[in-house]
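First comes one chain, alone, set out as structure tokens in the form predicted alone.
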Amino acid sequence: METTTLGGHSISRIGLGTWAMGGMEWGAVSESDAIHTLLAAIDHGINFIDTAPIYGHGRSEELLGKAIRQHGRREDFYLATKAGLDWGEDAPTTSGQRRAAIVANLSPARLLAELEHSLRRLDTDYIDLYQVHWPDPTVDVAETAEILLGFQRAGKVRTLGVSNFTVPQMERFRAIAPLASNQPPYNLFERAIDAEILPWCAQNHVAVICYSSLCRSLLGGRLRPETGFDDIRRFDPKFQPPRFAQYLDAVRRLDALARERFGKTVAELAVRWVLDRPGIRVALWGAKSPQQLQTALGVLHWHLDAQAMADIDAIVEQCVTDPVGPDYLTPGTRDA
């Protein structure tokens, strides 16, 4: 396994993302499959496990806690969880019907409660990396940083991070508390962080941990024009016509490049691309079964040269003429 460091600890450069294990927005996952996948990740040297309370409304964290107990060694897991999303069914929102039941909530009371709930579900007395899941426009970033700093000083969390933060928001946070990482979306099709976030993080020694490395399975190489979706992807403009055909054409050409030049699949190429980008520390790999982890091993110990990077850029630019980002994932805002 390729490794790096975060907060003074060695972590795998491929991290296991557990959003799908929550069993709500990505289809049902059995407890047995989830726990076997988590244990298989450790066997493969993947110790960075990323989760959040919102994933299955606590289920993902609970399954991870069970896997740790079954494994028997808490120190073998680097636990990264998050805080700040409220999924109450009657939560007021100003964002219309787009995932309307989910709103950002970084109120002090919410943060204090979420930390204790996460510690209980994970069955641990400390969290390795505690991340703010999304910024909350109704709460000053400095206030949030102050609360998380208190968690760190109390020994309940070791390292602090954020997710989906802009540069000004990270600067505001870092003025109050040490900031170790930022977790944004990043993949071949979604590169918004190239402009400002990646350079700022590199300059300020903030690790970048990428989610959606396979762009919600779009870069997995298994989708076809007739594929239907009954999960969260039905809200994603990339999976709707006419864009879906553009992205599938790009995937087809990228897969051909991967196989002809490297003997790899498009999924392996896509995650290798993320890991080879300057400033990227960890790429998250979502899996619901041990078998889905096997492909992750094909990402390791090879690299893309400059010509391959240029050819990849050309394919994406030629095929995707109407690109769109992951804005649909943005939670709602609480009413004042």
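Note that residue numbering begins at 1 and tracks the sequence as displayed. It should be emphasised that the depicted structure is a prediction, and the values quoted were computed from it without experimental measurement.
What comes next is about the form predicted together with a small molecule, which is not displayed.
Participant: Going by heavy atom distances of 4.5 angstroms or less, which of 281, 66, 288, 277 would be at the interface with the small molecule in the predicted bound form?
Facilitator: Checking each option against the small molecule in the predicted bound form, the one that comes within 4.5 Å is 288.
Participant: Just one of 81, 144, 183, 105 has a heavy atom within 4.5 Å of the small molecule in the predicted bound form. Which one?
Facilitator: None of the others qualify; the residue that does is 183.
Participant: Closest heavy atom of residue 252 to the small molecule in the predicted bound form, within 4.5 Å or not?
Facilitator: The answer is no: residue 252 has no heavy atom within 4.5 Å of the small molecule.
Participant: Though only this chain appears here, would residue 273 touch the small molecule in the predicted bound form if you measure heavy atom gaps against 4.5 Å?
Facilitator: Residue 273: no contact with the small molecule in the predicted bound form.
Participant: Is there a heavy atom of residue 213 no more than 4.5 Å from a heavy atom of the small molecule in the predicted bound form?
Facilitator: Judged by the heavy-atom cut-off of 4.5 Å, residue 213 is in contact with the small molecule in the predicted bound form.
Participant: Whether residue 191 contacts the small molecule in the predicted bound form should be assessed with a 4.5 Å heavy atom distance threshold; does it?
Facilitator: Residue 191: no, not in contact with the small molecule in the predicted bound form.
Participant: 66-74, 291-299, 35-43, 306-314: which one contacts the small molecule in the predicted bound form at 4.5 Å, heavy atom to heavy atom?
Facilitator: After filtering at 4.5 Å, what remains is 291-299.
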